[in-house]
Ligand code: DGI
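Listed next as C-alpha cells is one chain, alone, in the form predicted alone.
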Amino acid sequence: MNREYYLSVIKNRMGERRYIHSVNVAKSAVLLAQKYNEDAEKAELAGILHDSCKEIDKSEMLQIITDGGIILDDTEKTTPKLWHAIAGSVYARDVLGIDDEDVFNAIRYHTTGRANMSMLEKIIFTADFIGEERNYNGVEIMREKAFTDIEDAMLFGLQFTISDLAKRALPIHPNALACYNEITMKKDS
C-alpha cells in the first residue's frame, strides 16, 4: 500500500478536521488489526479511505453510487448521512482501483454495520468510534471495550447509535438492527 498516496488523496477531498479524523481512524484500525490478528495494512487503508466521500456534494455522492451499480434501499434513499460510506466504497474500488472486497465492504458498512461482518469490517466500524480526537461521553468505555472484546465494543456503539436515532425519530437502517441482533443473540447463547 502506498500510504502517502492515499493520504494525499483524502487530504484533497476533505477539511483538516475530517482529515485528522481519518488519520486517527487508520491508526486505531492498525492497533485493532494487530490485536485481532487481521491484516494491518488493509485496516490502515480502509481507515484512511472510510470517509473519502464524506465532504463531497450529495449529488456527486449519488452519481458515484449510481455509476458504481449500487441500488439504494428505501432507508438509504431517505438517509443521505449513509451515502458517504456507500460512495466511498465505490470510489475506492472504481476510482482508486482497490481490488479487495473486504476493504470495499469495511468502508461501505462502517456506519451501519451488518450481519456476518468480517473482522476487518468490525475493526473499521469500531475504529471510527475511538479515534484519538473523539471526546463524546463514553468514549473511554468504548476504547477499553474495543481492545477487550470487539463485539462488546460494537454492541456499545450500536446501542448508542440506535438509541440516538430512535430518540430523534430518524430511520434506523436494517443492517444496523441485523448487526445488533446478531451480536446480542450470540451473547445470549
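Predicted model, so just to flag it, every value in this text is computed and none were measured. Just count from 1 along the sequence shown to find any residue number.
If you look for the form predicted together with the ligand, you will not find it shown, but the lines that follow are about it.
Looking at the ligand in the predicted complex, is some heavy atom of each of Thr79, Leu165 and Leu170 within 4.5 Å of it?
All three within 4.5 Å in the predicted complex.
Would Asp128 count as touching the ligand in the predicted complex under a 4.5 Å heavy atom rule?
Yes, Asp128 lies within 4.5 Å of the ligand in the predicted complex.
Distance check, Lys27 to the ligand in the predicted complex, heavy atom within 4.5 Å
Heavy-atom contact with the ligand at 4.5 Å: absent for Lys27.
Using the partner position in the predicted complex, report whether His21 sits within 4.5 Å of the ligand, counting heavy atoms only.
Yes, His21 sits close enough to the ligand in the predicted complex that at least one of its heavy atoms falls within 4.5 Å.
Asp51 near the ligand in the predicted complex, any heavy atom under 4.5 Å?
Within the cut-off, so yes.
Would you mind checking 109-142 for residues with a heavy atom within 4.5 Å of the ligand in the predicted complex?
His110, Thr111, Thr112, Asp128, Arg134, in sequence order.
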